[in-house]
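Here you'll find one protein chain in two forms, each presented separately as structure tokens under the names structure 1 and structure 2.
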Structure 1
Amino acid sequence: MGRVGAIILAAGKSTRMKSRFPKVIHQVGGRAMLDHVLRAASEALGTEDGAASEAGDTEDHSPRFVVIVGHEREKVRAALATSPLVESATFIEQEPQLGTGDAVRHARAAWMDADAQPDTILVLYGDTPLVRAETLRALLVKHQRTGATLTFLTGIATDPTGYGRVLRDARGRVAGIVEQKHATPEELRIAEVNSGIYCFQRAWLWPHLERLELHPNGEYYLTDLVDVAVREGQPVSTATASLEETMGVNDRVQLADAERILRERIVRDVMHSGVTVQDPATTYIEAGVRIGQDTVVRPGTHLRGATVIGERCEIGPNSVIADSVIGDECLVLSSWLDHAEMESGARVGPMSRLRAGARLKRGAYVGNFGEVKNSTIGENVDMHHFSYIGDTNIGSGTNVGAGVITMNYDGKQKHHTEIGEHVFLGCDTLLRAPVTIGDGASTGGGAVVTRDVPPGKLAVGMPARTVRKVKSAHSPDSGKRDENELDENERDENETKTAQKHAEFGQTD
């Protein structure tokens, strides 16, 4: 087979989609359809087509993936920006778009160097997102084994509406492909359809593309090449795959069908890998997600993007997790996570939100109605109820009382809050950033902390004042007055007393 190059067609106008966006960038399973096709082709071709070694080169400069773009080409490129394969693709413009035959003809420009020509060309359509790499590999193998000039993939449809029908002679040999709009009533009843995935011998393909005839609707059909090859007596072969894999997406109904099929496929793969999915019908897992063994995914859960989840976790019900990394034995109960990280044994929810840069260290617990953004919540921190923590670092073993808020934004800039280890923040403490709470310090209920609190000290009131050392079972001089601090506070004794009363309510579990 020698060197293989792939051409993916993505220039069409998407008329039936009725969209302002090109059809091939509409997503299924969280990825652009074109991205799925590109990944399947890349996986199928691998690095082992022998091209470089046969040529005796260490580097092969022949383009491997050529994407034909036209209608809204910038949007197509932008949609692939996050795909790992965008760098290995060569984009060629087709303007105007005169059909699938014309689109493939444009790809030739990518291989003008006579020494860098592929021997076999795989053609795929960008609106066929469900095709698997192993099916493409099987097609390539069949093409090679039969020595055919052209091998294409067919599907058997219960409803073949819209597809090109595969015509066969009395002996079952391929006779051609007839498009739906040109088919006779008898031909319309044929269940075997063209998937739009073909292997060609390159040396035959290029000259024959030039000879395609224009149809009255202003298009050159790639499918006409099957007819041409048969008439020339060239060997033509086919491989067949389920239509669930080769379906083309031309409108929103087919888009939803593809979404459902891919979702079911991914959830099945996830279950086969050792994950319990309690209700597959209400579980949405995107293609790039990884989940460890014995994790349980409960109903109503959406796992998106590059999310990685460890082993023995409990996720859901009703959790939405995007691009996040979760360790082993974590609990995510009815919560939203986006670009967040949870180390092993961390728990969140119900009804909490971990935003970008939120990091829960081992054993940390963010309970109900909490929000964390760009902050590290230290090991075994307890933050059970109603808090907002932003641009903050919390040390291990700290207790965050109900309703603690970091005021990280002054209207112009974000500021950092540093909270030490084993701190006890009373309920409703407001921390005006930038501010630092030292290790082992405490705040009273309702304290408005505008100045740093030294390690081991209790600060109370509004604004909070440091009143004494923290009473602690581990501190030998617990409860002793700190003369330096008191000098300041005695200037307003009444206010301090009121604040201390508040401190009585500053405890939480």
Structure 2
Amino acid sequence: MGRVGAIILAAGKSTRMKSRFPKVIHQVGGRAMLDHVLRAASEALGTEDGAASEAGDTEDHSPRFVVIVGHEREKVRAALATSPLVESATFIEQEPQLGTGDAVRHARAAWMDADAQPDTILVLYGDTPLVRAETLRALLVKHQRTGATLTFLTGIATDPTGYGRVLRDARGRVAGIVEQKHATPEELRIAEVNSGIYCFQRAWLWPHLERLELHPNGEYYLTDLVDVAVREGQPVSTATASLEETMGVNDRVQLADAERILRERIVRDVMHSGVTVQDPATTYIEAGVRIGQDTVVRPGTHLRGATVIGERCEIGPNSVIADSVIGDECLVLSSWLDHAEMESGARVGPMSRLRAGARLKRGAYVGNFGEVKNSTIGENVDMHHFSYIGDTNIGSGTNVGAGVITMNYDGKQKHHTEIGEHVFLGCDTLLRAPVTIGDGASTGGGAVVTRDVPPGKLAVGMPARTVRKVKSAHSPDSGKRDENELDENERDENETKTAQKHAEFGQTD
């Protein structure tokens, strides 16, 4: 087949969508519709590119994709900023917009100065997010095998309303396409319809685009090329696919239909890969999510973005996880995660939240009504309930009592808290950052810690004072009162008053 170039028509004005944004950037399955089409086309063309490379053609710098956009070109490109394919696409503005034939004619400019012209041009629409790569690949293969000048994709419609009907002669050969408004009553009964996806021989396409006739509505129709090819006696072939794949999204109702179809497709694929989805109807999994074998996804769960979940996990019910990484054998029970990380064996929930930068190390546990932001919770840490940990590192084996709060924000800037290993934080401890709690240290219930607590020491009170060594397995010589340290705290009245004021306005964020 040689080189293949793809043209994606994406200049629609969103008239029926009733939107201030270009139609093709509305999302289905967590990605812009245009992104879905680009990915399908890239995968379909990838095999051909590989074949070209094996043949020694490694210096082909011609564009792979040409995207025809309207007057909101920058919005379209911005919506694809996170797509791996945005840099391989050339965007060309069609202004004024004079129909599909005119749009393809604009695309020709992208290859005029290229190192090599494509031999085959694939044309598809940016508002068909359900099209599969294997369908496009089958169309390209059919085009090659038949040696056709033009090959297009058709489908059989139970309700063909709105589609152009495919006309065939007595021998089954394509005789043309008739649009619904021009069809006779007999032609309206035809079930085979045109999907709008085409393959052309480039050498035939470019000159014939210049010969298209202007329709009364001021537009040039790409479908007219089928009639032209038939009149010239050029070989025209077709491939068939489900119309579900090639449905265009023109309004919010069709957007919801596409979302439902894609969601069902993704959930089905996930289950076939060895994942249990207990209630597919209430489970939302976006296109970029990956889930390991034997994981169970319970009802009401939303998995979004680039989330990666390991094997043998339990997710949900009613969990929302976005752009997060979860290791093996983790539990996320009715909780929200956003740009967070859980190492293997970690647990969270119910009703807790891991915000951006939260990291639970192996075996860590965050119970109900906890919140973690931009913090590392060390191995085997227990943080049972009603706590907020922000901009903090917690060492392994530490126990975080109920109601512990790190006050990381002073109204102007964030501050860091460092908590060592095997620390015991009593219930309702307030840690006013910046502060460090040494290894093996403890705080009493309700302590307001405004300055560092040395390793192995117990701090109590408001503001907290270190009163003695900790009675702990991690402090073998613990239990003795440190009189000098206590006296120092008792004499430091001015510092105490200042600390009390600080404790009053300490905030979290």
Ligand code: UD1
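Residue 1 is the first residue of structure 1, and the numbers go on in sequence order from there. On a predicted model such as this, the values are computed, not experimentally measured, just so you know. Rigid core here is just the name for the largest C-alpha set that superposes within 1.5 Å across the two forms.
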Name the structure that matches the description of the form predicted on its own.
2
Aligning on the core only, does the CA of residue 351 end up 2 angstroms or more away between structure 1 and structure 2?
no
Rigid-core frame, C-alpha of residue 412, shift of 2 angstroms or more between structure 1 and structure 2:
no
Using the core for the fit, does the CA position of residue 81 change by 2 Å or more between structure 1 and structure 2?
no
Please report, in Å, how much the Cα atom of residue 185 moves between structure 1 and structure 2 when the rigid core is superposed.
4.2
